[in-house]
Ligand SMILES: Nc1ncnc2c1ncn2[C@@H]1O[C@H](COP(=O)(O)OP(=O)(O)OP(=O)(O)O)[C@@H](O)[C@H]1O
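A single chain comes next, written as structure tokens; it is the form predicted alone.
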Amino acid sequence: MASSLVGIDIGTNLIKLAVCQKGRITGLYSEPVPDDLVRDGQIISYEAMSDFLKEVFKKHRITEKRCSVIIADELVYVRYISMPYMKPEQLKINLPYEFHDFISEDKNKYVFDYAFINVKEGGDDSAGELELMAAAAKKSVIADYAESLKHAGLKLAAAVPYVMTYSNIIREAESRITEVENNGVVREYCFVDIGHTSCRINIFVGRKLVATRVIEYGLNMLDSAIAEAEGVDIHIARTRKESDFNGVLSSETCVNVYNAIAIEIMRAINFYRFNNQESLLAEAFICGGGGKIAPLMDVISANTDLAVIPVESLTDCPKEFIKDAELFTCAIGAARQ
């Protein structure tokens, strides 16, 4: 693990930064993203993003320059691979061929990377095995991120898919659990990330992603509902949501939105259970901006049979930052490279 790193999660509505120094989270910062700078998770103007990053780092007096940036799902291929045990130099040669079903163009246009999920070296009588989370992204995409950071006076140390950030959170959490406490059981983890434009559900068995679902229901639905109910501009509605103006977050208007989100979450969980009859999934770790809206958490808890647990229980954030862990989950995971 790098001694110092800034995890950067660039959302449609907010940019989230997690500063990790010598293995310890020392700062969590967020700022609103300028309108139309990010669309569907993808940066529209890397030049404008560079200027924005420079302002954010200056405002919060962040001196660390090495950054781990989360790449939008649409820009990266991720898959799990089991293959015979081999040395890193052999793995580097073989890895691109594992993406032949995904990438039809010249593989030299892509950069490939991996993280170990499980390693079995094998003995005299048995063959070893590698279980990997592998990723592939266009070199041009990585270059765009690197150039944007460079013009902001920063350095791209790592580019990671969203799914890898959750895996890193699990790795750190399980490193604090003794074998006796774990009792040999491979735990299931369900992350429900409620963001501005969508809700991402990722289910892991150990550090292996086994199911994912993106629901096109996000907190922007609250903005629209409040704007319509109160006859105000969408930006004013968003401000009222964020400040809970006149208790608007507990209003019938918002509760109706909460119910719609909760129903879609339960549908996704039921579909997973139907296809995985042996599943004992009983918990949902809530993250994203939705995790900070108490009435929404109450509705999800009431409408699902899952124990709704703040994701802070998995992180090792210092006490002064623990209340913000839901919003910064992916940024923290990115900083834990």
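No experiment lies behind these values; they were computed from the predicted model shown. Residues carry their position along the shown sequence, with the first being 1.
The discussion below concerns the form predicted together with the named molecule, not included here.
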message: Between the named molecule and 219, 238 and 293, in the predicted complex, does every residue show a non-hydrogen atom at 4.5 Å or closer?
response: yes
task: Please name which of the stretches 192-200, 228-236, 85-93, 147-155 has residues with heavy atoms lying within 4.5 Å of the named molecule in the predicted complex.
output: 192-200
query: Is there a heavy atom of residue 25 no more than 4.5 Å from a heavy atom of the named molecule in the predicted complex?
result: no
message: If we define contact as a non-hydrogen atom of the residue within 4.5 angstroms of the partner, is residue 21 a contact of the named molecule in the predicted complex?
response: no
- request: Give a yes or no for residue 322: in the predicted complex, does one of its heavy atoms lie within 4.5 Å of a heavy atom belonging to the named molecule?
  value: no
4.5 Å heavy atom contact, residue 317 and the named molecule in the predicted complex: no
message: Given a 4.5 Å distance limit between heavy atoms, list every residue of 270-289 close to the named molecule in the predicted complex, or none if there are none.
response: 288, 289
